[in-house]
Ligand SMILES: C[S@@+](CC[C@H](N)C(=O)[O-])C[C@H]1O[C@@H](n2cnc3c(N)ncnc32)[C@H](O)[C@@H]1O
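One chain comes next, on its own, written out as C-alpha cells in the form predicted alone.
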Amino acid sequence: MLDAELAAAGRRRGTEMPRVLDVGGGSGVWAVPLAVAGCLVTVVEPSPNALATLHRRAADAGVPHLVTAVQGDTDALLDLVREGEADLVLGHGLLEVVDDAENALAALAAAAAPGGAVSVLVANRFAAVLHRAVAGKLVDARRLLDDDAGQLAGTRDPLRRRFDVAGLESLVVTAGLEVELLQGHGVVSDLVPGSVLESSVGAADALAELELAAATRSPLRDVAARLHVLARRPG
C-alpha cells in the first residue's frame, strides 16, 4: 500500500526521488527501509538517543545521504520542515503520545504536498480492552472501556489516548484530509502463537493472507491491535 503510494509519487516527480516525512520516527524503523527503497526521508524526533541510532542504521544500510534527522517536537513541526513538500507523511505511533492529537494531525496534513498522502498508525482502544480482559486484568479492561480517551488514568500508562474507528476517522476528516483506507493492523497475526507457524508448512503464508483479508472487514478490523489510515491532502 505505501509502496504503491511511493511508486505513484515517483512517477509524478519523474527523475526526482519521492520525499517522505516521518514524524516521531524514532530510530528509523520505517525511515531507513524507505531510504533503501529510494526515498529522501526526513525524520523529526525529539529524542537525541533515537536520532543517534537512526544515524547508525542509515550508515549501516548505506543510505546516510538519503536520511535527514531533525531534532524537535511535533507541536513545532511546521517550524522545522517546509509546509506542503512531502509526498508521504508518516505519523506512526505518534497521536497516542502527543499533547494535542488534533493539532498534531493538522500539522501532518499541512506538511503533505497537495495531493500527497498521510499515513497514521495508532493503538486501538477496543483491542486494549480485549487483551487486558483475556490476561485477567478485568478492572483495567473496564476502565479502558469506560474512559473516553481509552487511557488508564492514574497509572503508568505510556499512552495518553487510544482510538476506535469512528474517532480516528473523525479526527482525520477534521484535519482536512480525505480518508482513502482505514484498516486494521495486527487483526489476527498478534493472536497466533509462534509455535503454530513453526509446526505447520505454509502457515506463515496462510496467516498473511488471512490478515490481509481481515484488515478491512468489520468487526474484525475494529478490534485489531492497531488502526491504520491512509488519507490524502486535497489538491
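Since we're looking at a predicted model, the values are computed, not measured. Each residue number is its position in the shown sequence, starting from 1.
Another form exists, predicted together with the ligand; not displayed. Remarks below refer to it.
With the ligand omitted here, the record of contacts in the model of the complex names 65-73 of 33-41, 194-202, 65-73, 169-177, defined by a heavy atom within 4.5 Å. When you look in the model of the complex, the only residue of H92, R161, H131, R143 with a non-hydrogen atom within 4.5 Å of the ligand is H92. In the model of the complex, no heavy atom of P18 sits within 4.5 Å of the ligand. Although the partner is absent here, T53 lies well away from the ligand in the model of the complex, with no heavy atom inside 4.5 Å. Residue contact with the ligand in the model of the complex: A109 places no heavy atom within 4.5 Å of it. The shortest heavy atom separation between V23 and the ligand in the model of the complex is within 4.5 Å.
Contact residues in stretch 96-117 (any heavy atom within 4.5 Å of the ligand, taken in the model of the complex) are V97, V98.
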